[in-house]
Ligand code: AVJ
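We begin with a single chain expressed as structure tokens, specifically the form predicted on its own.
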Amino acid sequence: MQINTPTVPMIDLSRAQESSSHTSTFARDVAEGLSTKYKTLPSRYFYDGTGSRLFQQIMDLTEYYLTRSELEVLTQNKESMATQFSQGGSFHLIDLGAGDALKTKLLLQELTTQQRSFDYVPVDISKDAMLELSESLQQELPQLKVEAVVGEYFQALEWLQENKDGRKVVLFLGSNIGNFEAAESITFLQSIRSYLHAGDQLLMGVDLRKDPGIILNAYNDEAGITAAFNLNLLHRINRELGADFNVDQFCHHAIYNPQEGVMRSFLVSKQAQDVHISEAGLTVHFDAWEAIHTENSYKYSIPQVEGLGRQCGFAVDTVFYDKQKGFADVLFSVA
């Protein structure tokens, strides 16, 4: 007799888009970015199928320390984190940008071992990712209470505020805060704070300032995987927006500014050229060696993190480090 495993509840808050609607938004964002004096492309468009596969390869690179460092932080400190999460009683564990929850599963297993009272709410814009995660959790932690949410971060927090009472512990792992400009990071964290109350907590991953050479190598590996990841964005524009980028005539360039503590990535045109983007109704001229800015990754000091938290209504409870003190997961409480 076959027993059917119960499916994980899933709330889909995403505004279901027809292909044409997605194309229109993509075309608008590309047109806006390439029409400015200093050209830009939004990094969120890195992650099509090919981009996601390339990023998985990046995470396995020797040079790319970030994922390994945070896994070390969580592995070494999961017992303490689980205990601190649970001090206020039962809670909802909200995982913003959950993806495959590789790192979060360390916490889920520890919380389950400690028999803590909680439920898990993974949030991701990708429905496929949430379906895959839900399936894996049914196999690995069948007793875990899970309710996956498909949607943007703040859609999910608003839904939780309206539909789930009780304490919230929010996870924002992976040093994703570093992809925001300074003003954007403040706005983002203030927005998260607006959905939280006394007793709620936020665990945020932060890549710390360190030897500039180590940082630069992480975003400019010898194998060229990071370059391929960045250049794939041009392939995607060609495929989805009917553009004619000659991708071979662009190169990836990464620089680290230790004064600002920011890693910046660019795609640089090797020659003067015109690019036609059919879906955007646009022709873009590039001078020789003109650059497109594609991504920032800010690195923080702990005093900067503490100040950012205070400015956004949080107080630092505990800073959890890796052995090299090059990466931290910072536990904030609502101030």
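Residues carry their position along the shown sequence, with the first being 1. Everything numeric here is computed off the predicted structure, so don't read it as measured data.
There is another form of this protein, the form predicted together with the named molecule, and it is not shown here; the text below is about that form.
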> What stretch, of 237-245, 75-83, 108-116, 175-183, brings heavy atoms to within 4.5 Å of the named molecule in the predicted bound form?
Replying inline: 175-183
> Taking heavy atoms and a 4.5 Å cut-off, does L34 contact the named molecule in the predicted bound form?
Replying inline: no
>> Can you tell me if W289 lies within 4.5 angstroms of the named molecule in the predicted bound form, counting non-hydrogen atoms only?
In response: no
> Can any non-hydrogen atom of Y64 be found within 4.5 angstroms of the named molecule in the predicted bound form?
Replying inline: yes
> Do F229 and the named molecule share at least one heavy atom pair within 4.5 Å in the predicted bound form?
Replying inline: yes
> Tell me, which of F266, Y300, F26, Y47 has a heavy atom within 4.5 angstroms of the named molecule in the predicted bound form?
Replying inline: Y47
> Heavy atom within 4.5 Å of the named molecule in the predicted bound form: which of V284, L41, V305, I58?
Replying inline: I58
